[in-house]
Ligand code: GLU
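The chain below stands alone and is given in structure tokens; this is the form predicted alone.
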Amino acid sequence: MSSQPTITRFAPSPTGMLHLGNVRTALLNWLLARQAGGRFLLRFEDTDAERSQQQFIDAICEDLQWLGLNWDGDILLQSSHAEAHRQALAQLATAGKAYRCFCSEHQLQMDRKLASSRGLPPRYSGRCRTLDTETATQRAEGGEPFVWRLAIHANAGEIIVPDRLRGDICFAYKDMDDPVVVRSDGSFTFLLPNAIDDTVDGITLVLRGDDHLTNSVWQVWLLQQLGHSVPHYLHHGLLLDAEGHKLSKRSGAFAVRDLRAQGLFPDAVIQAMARLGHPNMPEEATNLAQLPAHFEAERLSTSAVRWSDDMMWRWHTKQLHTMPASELAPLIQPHLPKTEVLHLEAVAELIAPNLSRAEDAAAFARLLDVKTTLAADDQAIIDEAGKEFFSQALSLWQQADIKDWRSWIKAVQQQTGHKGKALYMPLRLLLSGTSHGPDMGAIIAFLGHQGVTERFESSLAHPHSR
């Protein structure tokens, strides 16, 4: 494979939105291509006319670009290869490698039950495989329903799938079924178009989940019968949800569009996904551009891995904490009272280490608006401290040097007798509106002498129960 440029592809069907299971396939193919200095192609398998929609093509493209997974060249469409699919089927049929099967579903079910009762695999019996071409053609022209099958099953021999992760994987012909490649309505199943598309598009490495291993065996056989080059494969372990089910559109996996609506950073998805089943990815590789240099396809897990929303959001929080204030400010602005840009950026710098998501900024609204109402439990702590406590604290504040806030706190403790949590918590709540957050010194420095005074005076002017 070293003599060929590495060309990978992501080939979703445009029948729904991009979900996390798709993202892993796309990311791994992108990483492999970029790490090898090759090309990453985007192809839509759009031959399911009833379910394929342009809106899904547009949405998937937009989501991939949001994630930073840009593809090389034009968008490819499976439907544009329709003639190549028909020619491949005709060539296989002429060579006796594909045949019409007229068995009804009832007959197939009976055959499966019979095989199972004999302790045999419930595969196709091969009943129609011996039909001569003339008889099969007459029955088809007479309107009898049929499907096309590949004539793979045999008593001897083996098929080898060259796998970059698992080595050469051998499958005996006697264990293989004769799969359907064309349905009774004339539409192709996944097998033939997908393999022919890879040949037409020049794909040199097919990276996908190990649930496709059987498909790969059939496709290797098919390509060999047609005289085409067989790509290398890489079958990684599947991506499962927290309950151990495969992540897919049908299982209700998170759509990327939903995560975007929640304000998630694209790098959070990428970072969490890149490390699943790839434990050698270093922590310092914190953006997409750095990941290809550390990607080692041969170290991907062959076992299934479980997705963790928590891991994804931890990466989101990590990025939030390191984001420049000028970039963070617009994200938190919708959750805070209106203020000038420079003041908003100062708030962003102050509270960034205390945010998990942008909406957490709402808890610090009191830093900008002294009239912000406290939560009931927090107000109860204010009330418990009492008017006299705050009156004395204000009096001492007006005497104190703002640069020496610790001296002020010490003086409040000595005069009021409050200490520890009973001292700090009421003051923190009164000044910032929240029981957690930045260091008290940083809060006071941000508010300034006047800001601190306003919050004491406002509370004393509108006392609650005490």
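The numbering used is simple: start at 1 and walk along the sequence shown. The model shown is predicted, which means the values in this text are computed figures rather than measured ones.
Just so it is clear, the following notes concern the form predicted in complex with the named molecule, a form of the same protein that is not shown.
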Are any of the heavy atoms in residue 45 no more than 4.5 Å from a heavy atom of the named molecule in the model of the complex?
-> yes
State yes or no: in the model of the complex, is some non-hydrogen atom of residue 153 no more than 4.5 angstroms from a non-hydrogen atom of the named molecule?
-> no
Proximity of residue 12 to the named molecule in the model of the complex, heavy atoms at 4.5 Å | yes
Close approach of residue 212 to the named molecule in the model of the complex, 4.5 Å, heavy atom = yes
Tell me, out of 100, 208, 85, 366, which residue has a non-hydrogen atom within 4.5 angstroms of the named molecule in the model of the complex.
-> 208
Given 159-167, 220-228, 186-194, 109-117, the stretch touching the named molecule in the model of the complex at heavy atoms within 4.5 Å is 186-194
